[in-house]
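Before any questions on how it binds or moves, here is one chain, the form predicted on its own, in structure tokens.
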């Protein structure tokens, strides 16, 4: 690879301790469009866990924290900017112990229960079905509801769907109306259990498939208006390890399915846990060693997807059944001084780079991977938002998702490049990563991630089949790999405009060390 020094462009990042900028060439071919990058790849996950719901979303209508019907106004405003396509709830492991009837009706009459999945804390059930749907409507999203297969019954799950979706005046529809919601809710997705191989019941693949068929048959959307392309999609439990046994069992059953049952997707879960379980990496105050280990671990997502897709292609070459990564993200050790069962961790520049790498992998697999849900939305694991009573801060991962909004439903475009290599402590990483797409508004998009934590990279991108009149770019970086936003200093890592040139069909810019950059070209 040939490198050359561009001192003038390097001055763009004079505020950072950068080295000389080597050059990496990219080529984008807009004449060969690929799959649609489904907007649901940018989904979120909100489990009843720690302060994810209580304090993070729900404060109650009598709170001094500004709210609308008990839901935090600041959080709603922040999430609306992300155009969140779907939110998965109530879990997670909590889903298979959740009994929906505890969370409907007058809040002062709802029973208090114990959350045995996460810390044995008391759950008032103040946040239930109608509160979740109110939240969904306030942020402009679509519900992805996980039903209880582990400790529930088919009848319970079927009645829950009837409560939410019945358009006819059934008893449960009238009960919903009495709670102030006469019109049926639109349910985008239903998860048929969660991690049934572990916390969802420690089932074998064959046992789960037998249950899945029954739930798929009887858990129905009862709103005739939600049909065709607008129909509710059913997602079966898939694997949480690279082993393909679970995917094989589900897809083999789907291949032989009859009129009485069907599924539309298979889920998988894969977290970035660099040192193995239990998670031990620090989420704050760490160095380059932990940075490279985390990125090396997260890049395994590509091989994981390929292995599962090969099984799915064997039974479904037309790709009718989607693969959904409905739990992903960095799982670090709980922040010292917090309840370890609440899975609260800081969110750094490392996590922002990690998020962009995963989103890029999903985009490359967009023909099969059509939904994903980062874990989780607020105050849990790789969160978008952290709150503390009335205070709120947006994390570096939040800004990555905001920068990627134009990629929702965009058309994937091939990018070729020599990524180069960054090596540290015996671990080698690609120096850069990149994807391109044509947005729904016609703009051409190019994303560049510089994994190198120490040096900038000069990017030169040639465009084929693109006529652009103007160009702009936005970047996210920090002074160090462990830079974080705090309540006291909320703007340490925020996205900012960056200089970019477009001349004779070639884009030129400097990608700062440890950075995520999105370039937008207007035709």
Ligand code: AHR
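Keep in mind that this is a model prediction, so the values were computed, not measured. Positions refer to the first chain, counted from 1.
A second form of this protein, the form predicted in complex with the named molecule, is not displayed here; the remarks below concern that form.
For the candidate spot formed by 49, 375 and 381, every residue has a non-hydrogen atom within 4.5 angstroms of the named molecule in the predicted bound form. Taking the partner from elsewhere, residue 194 is found to have a heavy atom lying within 4.5 Å of the named molecule in the predicted bound form.
The closest heavy atom approach of residue 93 to the named molecule in the predicted bound form falls within 4.5 Å. The closest heavy atom approach of residue 327 to the named molecule in the predicted bound form falls within 4.5 Å. Remark: residue 438 does not count among the residues lining the named molecule in the predicted bound form, judged by a heavy atom distance of 4.5 Å or less. Taking 402, 269, 431, 176 one by one, only a single residue has any non-hydrogen atom within 4.5 Å of the named molecule in the predicted bound form, and it is 269. Checked against the named molecule in the predicted bound form, the residues 118, 100, 215, 422 give one hit for a heavy atom within 4.5 Å, which is 118. Comparing 457 to 465, 494 to 502, 478 to 486, 39 to 47 against the named molecule in the predicted bound form, the single stretch with non-hydrogen atoms within 4.5 angstroms of it is 39 to 47. Of all the residues from 281 to 306, none has a non-hydrogen atom no more than 4.5 Å from the named molecule in the predicted bound form.
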